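As structure tokens, one chain now follows by itself in the form predicted alone.
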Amino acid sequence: MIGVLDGEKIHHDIDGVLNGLVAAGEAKAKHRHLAVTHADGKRWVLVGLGKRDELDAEKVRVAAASALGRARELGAGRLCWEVPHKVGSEIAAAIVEGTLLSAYRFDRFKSKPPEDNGGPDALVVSAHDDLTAVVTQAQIVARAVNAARNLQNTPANEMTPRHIADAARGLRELKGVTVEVEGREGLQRLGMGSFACVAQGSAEEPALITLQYEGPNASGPLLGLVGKAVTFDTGGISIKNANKMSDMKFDMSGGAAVLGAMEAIAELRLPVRVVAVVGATENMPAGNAVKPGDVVTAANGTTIEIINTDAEGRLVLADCLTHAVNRGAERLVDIATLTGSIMTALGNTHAGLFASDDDWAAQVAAAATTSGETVWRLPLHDDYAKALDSDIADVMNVNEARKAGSSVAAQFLQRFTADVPWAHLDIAGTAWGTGKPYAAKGGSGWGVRLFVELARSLTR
């Protein structure tokens, strides 16, 4: 695989064949354009990368995914990418990520293994400099993203809260990681009436999962990562429309991203301190399910009037955020498939970013840019908080007028952050079915790469 940059010759040509392909117009610098030729007993795929001054890691991930598709068609067993000359190490990392993410397949429930196993057996990265560490780290991150995707794509009868907890317990094998799991009794003991009310309609035991990691020579603020993991969301008594309800197995995508990020951060041995909290439950209708009009009390003492039981994610996150603060988090980020409104606003391209602190918002946004998981900051105006005023409790869980739904939901969450610098990522549009070449179908693992970059930024 050789990248073609606009106006530049291919440096390591083979008897003029490769540059001849460019001169003939068969190979082009247009992004993702592919051309195949044979020379020196090998097959060569020339991959359009565009203009050098516009080249970034995300464009390379996408190009690498397209190139893998062609390699798959050619039946290649071994793939070698030549890193373009005079680019940053992030380009080599992006080649690895784009290739490994697009090679991902979820075929656990196929009775016959597919003929297409995802791609070549080996990936070689060729460069003038020693990029062993860069390539190894990129492999770790990509593997963690794919692990999160496995959690996402597993059907809800197999991926219950206890299975999320088991996945978290598996991370105990990593150095520096501890894991604690509390069930229904633990929620009651901790006063988590908000989280517990979502779980009360399900026969499945909920799981409050707390992970802590301390890397070698760790410094900087204690980073708190909080993920929503509703393993299936019917909407509860405020039941959803049946159309596309099967997609609600993806309502645990925030929790999956947190677990994937913790795996990568620990394997990379980053010198940071992290506390991660994942709230796992089903949201089901039943005789004992929480009802519209009920009032519950959250762990921080806030009373909440339940207006709509399908606004359950914020109820889970409320107590999980309080728990992260109580465990000492000095910077907070929560991630959740929280509102349909964010899909209307931003589609599948950006996640919504809300934040209480401008500096922290900028740091999260910078990590998003580096990781290629783009965000767009949306407002947290006091008027949105007023929309949640309740006549009989401290706050309602949703305003039925449904105006500015994503901002109103974020204002609800902010009440549980205790003035710790906090950011909220609404990933309802980016968690699955993004259409990106390296994650076109199913779960995307969105957020794992962002959280790894954010953790790295705390060490600089």
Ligand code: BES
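Keep in mind the model is a prediction, meaning the values are calculated, not measured. Residue numbers here begin at 1 and follow the sequence given.
Omitted from view is the form predicted together with the ligand, to which the following refers.
Undergrad: So which of 120 to 128, 203 to 211, 89 to 97, 334 to 342 is the stretch with heavy atoms within 4.5 Å of the ligand in the model of the complex?
TA: Every other range fails; the passing one is 334 to 342.
Undergrad: Spell out, yes or no, whether the shortest heavy atom distance between F416 and the ligand in the model of the complex is within 4.5 Å.
TA: F416 lies outside the contact set for the ligand.
Undergrad: Does any part of M248 reach within 4.5 Å of the ligand in the model of the complex? Heavy atoms only, please.
TA: Flag for M248 set to yes.
Undergrad: Does any part of W432 reach within 4.5 Å of the ligand in the model of the complex? Heavy atoms only, please.
TA: Contact with the ligand, yes.
Undergrad: Would A311 count as a contact of the ligand in the model of the complex, using a 4.5 angstroms cut-off between non-hydrogen atoms?
TA: The answer is yes: A311 has a heavy atom within 4.5 Å of the ligand.
Undergrad: If the criterion is a non-hydrogen atom within 4.5 angstroms, does every one of R169, E182 and R273 touch the ligand in the model of the complex?
TA: None of them does, since no heavy atom lies within 4.5 Å of the partner.
Undergrad: Select from the listed residues L46, A428, A65, M396 the one whose heavy atoms reach within 4.5 Å of the ligand in the model of the complex.
TA: In short, A428.
Undergrad: The ligand isn't shown here, but in the model of the complex which of K240, H381, R78, K110 has a heavy atom within 4.5 Å of it?
TA: That would be K240.
Undergrad: Across 158 to 180, which residues bring a heavy atom to within 4.5 Å of the ligand in the model of the complex?
TA: Result: empty, none.
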